[in-house]
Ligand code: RBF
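Next comes just one chain, in structure tokens: the form predicted on its own.
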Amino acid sequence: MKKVIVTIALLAMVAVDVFAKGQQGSGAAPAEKVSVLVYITGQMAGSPPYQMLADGATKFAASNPNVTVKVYEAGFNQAEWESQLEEQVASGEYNLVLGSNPSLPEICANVGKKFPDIKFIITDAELKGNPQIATYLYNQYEQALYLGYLAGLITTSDMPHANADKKLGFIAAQEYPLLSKHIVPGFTAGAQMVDPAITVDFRVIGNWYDANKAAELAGSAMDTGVDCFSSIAGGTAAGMNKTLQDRGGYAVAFNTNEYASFPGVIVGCGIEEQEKLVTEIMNSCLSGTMHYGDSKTVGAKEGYLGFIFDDKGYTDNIPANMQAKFKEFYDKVVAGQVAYTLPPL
């Protein structure tokens, strides 16, 4: 079903402009009512960041009776995202749109020109200078750096499915600037901090729904010597992981706990604190302290990106000496002791 609607509370819309026109900074008055459209560019199934975005907003609304939330899934046809968002905003039902996608700032800027009273808050994106839009960019170069380091330890180890080739794989659903400029370079840099000879075989599926293509790409990469993968591919990553399960290989995952989905295959999981960030965003909206026109970068040092160390999927599969090396590196990243330059988007 293309549209999923979650109504937390029915509140009569009042003639209150929650967010002052063109307001930037913390001088806005506290909001009396906030009606939020959580706009999902894709679908929540198989996409933990989108699920966490929706969960964060709906949980906040459940404990704040002056907040209402509707979740709308726009599907995978990107050509329709802008028209669908415009249709939703034109209903007059919302004063805030909350989304998470690097392509959303441009879409929201276009829609915002027609509806100057509405505000947009977008995570996993970057845009500065638009008084209707606030963005929060996860420092995924930083997360990719430590996940790449773990993958580097795995491919150079004597773990059962590791081979003599120093080759990692990275499978993406589609290419976009954050992926090509931050995530894949960060992953590669982290792996090469283990051994400069490590290479990364990067492959693109072309969409977010073809798990069979992901399985095919993983298999062909394994034929060249890849023994450990990562991915940014949503639900299609299941095809990659099934191939690893069948043939013997490893994966490290971004954003959420996936250990139980493929035991013994997924042996490392980063975590993105999307719910935490959404809660803070909603509190800022209610208190009138949200800064529009700004973009904030948040990462491991700020407590928004982490790693799940205490799951048996990690502790039972990664040798103790490797766990110690990885924890030492991870702690240095969090402390800001690993030097790197964040590439511009």
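Just so it is clear, the structure is predicted and the values come from calculations on it, not from any experiment. Numbering starts at 1 and follows the sequence shown.
Keep in mind that the form predicted in complex with riboflavin is not shown, yet the notes after this line are about it.
None of the heavy atoms of Thr199 is located within 4.5 Å of riboflavin in the model of the complex. A residue is said to contact a partner when one of its heavy atoms sits within 4.5 Å of a partner heavy atom; Thr188 fails this definition for riboflavin in the model of the complex, lying far away. Residue contact with riboflavin in the model of the complex: Tyr39 places no heavy atom within 4.5 Å of it. A residue is said to contact a partner when one of its heavy atoms sits within 4.5 Å of a partner heavy atom; Gly313 fails this definition for riboflavin in the model of the complex, lying far away.
Just one listed stretch, out of 211 to 219, 151 to 159, 174 to 182, 84 to 92, contacts riboflavin in the model of the complex at the 4.5 Å heavy atom level, and that stretch is 174 to 182.
With the partner removed from view, the residue among Asn257, Ser103, Asn163, Gln192 that has a non-hydrogen atom within 4.5 Å of riboflavin in the model of the complex turns out to be Ser103. The partner is absent here; in the model of the complex, the one residue of Val71, Ile232, Val111, Ala74 having a heavy atom within 4.5 Å of riboflavin is Ile232. Contacts between 122 to 143 and riboflavin, taken as any heavy atom within 4.5 Å in the model of the complex, involve Asp124, Gln140.
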